[in-house]
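This document starts with one chain, in the form predicted on its own, laid out as structure tokens.
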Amino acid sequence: MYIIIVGGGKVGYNLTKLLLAEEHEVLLIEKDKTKTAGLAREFGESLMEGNGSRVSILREAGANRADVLVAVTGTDEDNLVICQVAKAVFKCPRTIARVNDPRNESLFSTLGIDATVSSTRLIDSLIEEQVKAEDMVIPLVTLRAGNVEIIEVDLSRSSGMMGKKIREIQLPEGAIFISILRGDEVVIPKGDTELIPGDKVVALVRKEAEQALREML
């Protein structure tokens, strides 16, 4: 599969590395000369210097035979133009645009962009999916392909853990307390640390143990 990526920032850089590792034919286009030297050392012939919003550059890049074009510059307007040119001029079968302002997603869709990626919207969706209002368990970070999470637990006054010392608490297998947020203070939990009203407990927990930890708290 031939994939053109426009924008050599962090997203474009990592995406290029990933796709090359998967043995796709990839060309990264970056116009900023302060970046291209380093990118060229990393990607060699898979890097092209130029403004990817220009027809001549996309033609030179072979956009007419690209299976996918991905625009991931830091500017929504540029990403929109790049994808539209790829669609209208080069008949690229699939275009994907990074959208920095989620309010622009519907506009991109209306104007024919096949898919958009918004980190803001993605994070918002994760929060909507993961936040459980009743038990106040909030995943902060997901690690190791989603198998381990760091979560924050806001203990309620009715929690069975209230008033217990850490050594007295039998956590589910695969769960440990990392810290306790007590007002402005961060408490490193020890055996004699006692949980009190208002504590927020930060825990590292495997996915399979999350439900048991939630029920305990």
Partner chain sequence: MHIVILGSGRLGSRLANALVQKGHKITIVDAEETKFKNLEEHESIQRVGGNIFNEETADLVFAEPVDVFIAVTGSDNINLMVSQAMQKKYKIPKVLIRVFDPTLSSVYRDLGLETVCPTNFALQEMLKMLEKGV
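Residue numbers count along the first chain shown, from 1. These numbers were taken from a predicted model, which means no experiment stands behind them.
Although not depicted, the form predicted together with the partner chain is the subject of the following passage.
Within 4.5 Å of some heavy atom of the partner chain in the predicted complex lies at least one heavy atom of Asn104. At least one heavy atom of Val81 is located within 4.5 Å of the partner chain in the predicted complex. Mapping the unseen interface onto this chain, Arg54 counts among the residues with a heavy atom inside 4.5 Å of the partner chain in the predicted complex. The closest heavy atom approach of Asp114 to the partner chain in the predicted complex falls outside 4.5 Å. Proximity of Ile4, Ala40 and Phe43 to the partner chain in the predicted complex is absent: no residue of the three has a non-hydrogen atom within 4.5 angstroms. Residues are counted as partner-facing when one of their heavy atoms sits within 4.5 Å of the partner chain in the predicted complex; in 57-95 these are Asp76, Glu77, Asp78, Leu80, Val81, Gln84, Val85, Ala88, Val89, in sequence order.
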